[in-house]
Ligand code: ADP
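The chain that follows stands alone, in the form predicted on its own, written as structure tokens.
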């Protein structure tokens, strides 16, 4: 009877931005993935006198690093009584996703990140700065692009792990990159993004560099890092009226979303560098300076999706997907219930 290595991965309780943790378990081929305990007092999820927390496997995929029959196992964190831990935002998303399942929501998340070599972005001079932004976005050449071997290896690892990655590109600031996850259901999109983040962190270990999701990694006249979130429901995919209604619904809960869209959001959403100030909300067609962009083809086709440009790179995808479901789908249901019933032949 054979065995394989299961890498148990979970989201910890670090404040203000969660970290990923993982540890390895040997599992027999014919054995179901078991619950597994860990020391929550070392992950900001418990006190030493009540330190036991529990890992519950919820998403399994091939391990592209170890290869073979080995697995990556994303877990929810539970308390010792097997109820969801307060830091377990996935359990909250699952409830909301089930509540609004009839809307058939889909997500695509654009994850920006920056590669750092020690205290400076990868490829930047030891003293001073590279040339101003302009030629780096989707650039090519050693003077424009830094870290491509890492990025390509990460993309292939995501493919080998059977994650829903659908593209990569060099971003506006040198050493800044993006990968996209989706289009997937809410829980799938968030699960896949967390595992893709883990793979990114793990692979950069091999190169002696690190990837950061900090939203403003370099102060000054440089772009920040976001996690633009593309969202649609079946109603939006059928009618432009619902696309506009989604934008209006988001405008009504702007402050709540901003408060939950990642730490240091005020450093990134300044109104410059393709952002709208966090102090205001606006939407528009093709407007990358808006809070929410309606893509040009959506306006042309009069149906489709929206791009929420506010989430930081360090946002928790379980939180952003849950909030968008609650805000948009909740508004759609309130709108539907407020409409008068159609008259019948007997009235």
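Predicted model, so just to flag it, every value in this text is computed and none were measured. Numbering follows the first chain given and starts at 1.
Although it is not shown, the form predicted in complex with the ligand is what the next lines describe.
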Open item on the list: Each of 89, 197 and 262 having a non-hydrogen atom within 4.5 Å of the ligand in the model of the complex: is that the case here?
Closed with: no
Open item on the list: Using a 4.5 Å heavy atom cut-off, which residue among 106, 172, 247, 209 comes into contact with the ligand in the model of the complex?
Closed with: 106
Task: in the model of the complex, the residue from 254, 237, 71, 153 that sits within 4.5 Å of the ligand by heavy atoms - done: 237
- [ ] Could you tell me which stretch in 32-40, 51-59, 288-296, 316-324 has residues with non-hydrogen atoms within 4.5 Å of the ligand in the model of the complex?
- [x] 288-296
Task: Non-hydrogen atom contact residue 183 with the ligand in the model of the complex at 4.5 angstroms - done: yes
Task: residue 166 within 4.5 Å of the ligand in the model of the complex, heavy atoms - done: yes
TODO: Answer for residue 144 alone: is it within 4.5 Å of the ligand in the model of the complex, judged on heavy atom distances?
DONE: no
Task: Any non-hydrogen atom of residue 113 within 4.5 angstroms of the ligand in the model of the complex - done: no
TODO: Check each residue of 229-243 against the ligand in the model of the complex and list those with a heavy atom within 4.5 Å, in sequence order.
DONE: 230, 231, 232, 237
